[in-house]
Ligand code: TRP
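Only one chain comes next, encoded as structure tokens, the form predicted on its own.
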């Protein structure tokens, strides 16, 4: 396949697209409860450190491969490996990345469908005056209703794939340019609202005044894993985006901007969520149910609670929508690289993801007792193994390819950071990022 002719229309469009891929459930759903379970501020500080030492260098490696190859992930890896005199089997890493994203998107679409249901419920005022027991029971009843789960899963996937089918400029770029500023506007609105609650000061102290007494090896490992997960590295999604990167754009500056925007979403979401949680005297370590049980309970007792809860679930829906759109792109790009038309590739990806997603949707009802591996149902498997094992495995191989296999001249050209910048990146990724990624992989395996 020849070099792609598509490019992002501007430097800003590329940064918003990569941020859109990174910002999603990891920032707004996963970060608050992982931080809650791991001590707040100490976890946050360690997480930010690992974003700098682990996330950004590997993100740059993934993007520069796509930028140097100017093709879909499989084709870019194959061409660059041939130029280096290495095995063309490296191209299968692109297929592995597409499979990883496929697995992630299958459960991601199901969970994102929950935000549609809860947005409608909060707009209708269904949580007003409801007791904690009633809200908890309502969530359990929703999960046990396969028809509702499938409807919302189907609706969310339809919203996602229609944008992908429109292409880079007309689909992804237009929507990112519209929704990402809206997402940040809603986040700022919620953060401003948080300042009016009685839990605001407690939330700030809990998030920004670290106590390292409770820091364990497990907390550090969770921070490393989250730094990896939240930047969407390891699945070749950013490699596909690197192929569309403008020639004049600085890769280091773009990667740093994405990391700052990504962390800021997690921080603003944390401030908004924990201010409400602490205002109601609730536990910040309530786990995955924090988003769909704890928050509705907390907001139901606050003035204008339905309005602010509606804003929050709209924010969650927008974040997951932009993320899903940007995660679907590398799968479509991989099939295009094999000669498929974009419309056909999009339809094939949509149908496949929808079918596998049904297994996750049924995991809370019909297939609740079907536990094929490690005593886990399908939803638990696809929501843990791809993020915890496949992503770091892919990231490790991507980092090794960029740091040790690619022709040096190609790396220097694609990185566009000057000799000093290149040497700093190469030293960091070879001797810091790759060992840390290996530790994240081991943690996932164990």
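Residue numbers count along the first chain shown, from 1. This one's a predicted model, so the numbers in the text were calculated from it and none came from an experiment. Heads up, when I say rigid core I mean the largest set of C-alphas that superpose within 1.5 Å between the two forms.
The protein also exists as the form predicted in complex with the ligand; that form is not presented, and the subsequent description refers to it.
The stretch that touches the ligand in the predicted bound form, counting heavy atoms within 4.5 Å, is 99-107, out of 150-158, 99-107, 253-261, 78-86. Checking 200, 206, 229, 114 for any heavy atom within 4.5 Å of the ligand in the predicted bound form turns up a single hit: 229.
Contact annotation: of the candidates 235, 74, 172, 298, the single residue with a non-hydrogen atom within 4.5 angstroms of the ligand in the predicted bound form is 235.
Across the proposed site, 275, 279 and 284 without exception lack any heavy atom within 4.5 Å of the ligand in the predicted bound form.
With a 4.5 Å cutoff on heavy atoms, residue 391 counts as touching the ligand in the predicted bound form. Contact check for residue 13: no non-hydrogen atom falls within 4.5 Å of the ligand in the predicted bound form.
Among residues of the shown chain, residue 361 is not one whose heavy atoms approach the ligand to within 4.5 Å in the predicted bound form.
Interface residue remark: residue 434 is not counted as part of the site for the ligand in the predicted bound form, having no heavy atom within 4.5 Å.
Of all the residues from 315-334, those having a non-hydrogen atom no more than 4.5 Å from the ligand in the predicted bound form are 323, 326, 327. The two forms, fitted on the rigid core, differ between this form and the one not shown by 2 Å or more at the CA of residue 47.
Once both forms are fitted on their core, the CA shift for residue 387 between this form and the one not shown remains under 2 Å. Here residue 153 does not count as shifted, since its C-alpha moves by less than 2 Å between this form and the one not shown after the core is aligned.
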